[in-house]
Every structure is written in C-alpha cells, then in structure tokens.
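Presented as structure tokens, the chain that follows is alone, the form predicted alone.
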C-alpha cells in the first residue's frame, strides 16, 4: 500500500468517525439523558406490542405457535432497516435543507461517502438499543425460545454483519437518489423500508405472497439476512420457500447479493453525485 493510499484510508476512517459522533449528537442530544433513556426504552416496546396485539387477536392468543417467534424476531430486527436507510438518506436532507451545510461538507477535506456511512452508523447504534430492548422484552414477557448464549453464533454474526453492510449500501443508493430529487424526498427512506417490510418476509413467510412477489423477495438480500438471523436464534425455519436452503446456502446468497448491491450502490451514487454537481443541486433549498 502506497503512502497516498494509506493517507486516503486514514481520511476515510476519520470521516467515518466524525460523522458517527455528529450523528449520535443529533440523535441523542435533543433532550436530557434521562428522558432519552426513557424514550429509548418505551418506544421499541410500544412498537413490538402493536404487532403482538394484532397477532394475539388474529391467532386467539397462541404464543406457543412457531410462527410467533418468527414474526417477533423479524419485526425486532427490521428496526435496523428503517434506522439505517433513514439515517443515511435523511442525512442528505438534513444537511442540505435544514442545516444548509452540505455544500460546505463537499468543499471540506472529508470523504462524503464515508461521512454518510458514519451517519448511518449513528442510527445503527440507536437502532441496536431498540433491538436489544425488544428482544429482552420478548424473552422475559412472551417466553421466546431464544437463548442468547446457546444460539448458533457461527451463523448469526456473519449473517448479521453482512446484512448490516447491505443495508448501509442500500442507504447510500437512496442518498444518491435524494441528491437529485427536488420534492418528496423526505419520505423516500420510509417508502422503501415499507416496501421491503412486505417483500422480505419480515412478519410472515414469503409463501403467502403471490408468485411474482415471492420471486422479488427471493432477490432481496434482506430476505436471507432475516432468515439467517432467525435460524441462528431459533434453530429452525418456518418458511416453506426458504426451508430447503442450507445455512451455508443462505450465507453465500446473502454475501453475493450484498456484493451486487454494493457495486450498484457505489456506481449509482457516483453518477447521482456528478449529476447533482452539474445541476447545482448540492446547495439546493426546496423549502418544501
């Protein structure tokens, strides 16, 4: 590695570190630490209870059905999807529209790509708090058959980390699209997260979807991410579509699809960034 390459990596890591710190301040510094702690505790539990109550009403209170932990875990880990996608894509809106500093970031000695990733890391940290609280609440209150010490760690951690990387890459893609979008970009991250909630089997197996949507779901990395996490924690799969896949196959598909998403994301973001500079959109104020 040459001196220039080493310096480039140092600059990238510095950009990631600074952006993570800044993002954490934005996420947590809006109130005093006690109120933030209460909010962080109540919000994920309230979100989980909405889905639990819906399930209990439909199923007649059958929490011992294998589908219940399947739904609960999918909903818990899906918190990461909204957190990461919104954290990265919304950073463009905040810095350009609200704070008006995006143009200064582009002329500063900082790697914008890693800056956006850092903003996503900050949202990932707050999302992790919510996920942990949701999981612990499920184990203690609803007796989920999850043992954090005895689960398949050899499967869980590779799947979990690769999945988070894939989410970050999708977030970068949305950030590029946000750069060249004048109106309604506030809802872009939420809209994509909502669509993925339906298609990747977050709360129900893919086999309940029409065939066309099943094929779309099988092409999404998030589908294999959630499936791998569930298998690692529960030991089994309740999805008839994904059950024939071995653990190794799930991991290979997740890794290869994440690489494809990464190549598309990087290329698309660079194109959007170049387009935004040509059109003068870096310092655009839509006032919308």
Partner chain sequence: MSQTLAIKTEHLGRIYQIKRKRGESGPATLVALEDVNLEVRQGELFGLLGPNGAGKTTLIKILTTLLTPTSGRAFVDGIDVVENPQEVRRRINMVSGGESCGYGLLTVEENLWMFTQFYGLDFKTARERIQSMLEVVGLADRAKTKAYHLSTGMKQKMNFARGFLNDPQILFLDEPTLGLDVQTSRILRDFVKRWVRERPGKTILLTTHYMAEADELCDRVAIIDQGRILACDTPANLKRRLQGASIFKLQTTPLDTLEHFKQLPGVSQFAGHRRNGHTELNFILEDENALVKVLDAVQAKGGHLLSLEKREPTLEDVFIHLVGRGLSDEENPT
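Predicted model, so just to flag it, every value in this text is computed and none were measured. Positions refer to the first chain, counted from 1.
Keep in mind that the form predicted together with the partner chain is missing from the display, and what follows is about it.
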* **One stretch from 112 to 120, 167 to 175, 77 to 85, 197 to 205 that, in the predicted bound form, holds residues within 4.5 Å of the partner chain by heavy atom** => 112 to 120
* **Answer option from 249, 256, 62, 29, heavy atom within 4.5 Å of the partner chain in the predicted bound form** => 29
* Asked: Should residue 161 be counted as a contact of the partner chain in the predicted bound form, where contact means heavy atoms within 4.5 Å?
  -> no
* **Contact label in the predicted bound form: residue 99 to the partner chain, heavy atom within 4.5 Å** => yes
* Examine residue 21 and determine whether its closest non-hydrogen atom to the partner chain in the predicted bound form is within 4.5 angstroms. => yes
* Asked: For residue 267, is any heavy atom within 4.5 Å of the partner chain in the predicted bound form, or not?
  -> no
* Structure fact -> Near the partner chain in the predicted bound form, with a heavy atom at 4.5 Å or closer, the residues from 72 to 109 are 95, 99, 100, 101, 103, 104, 105, 106, 107, 108, 109
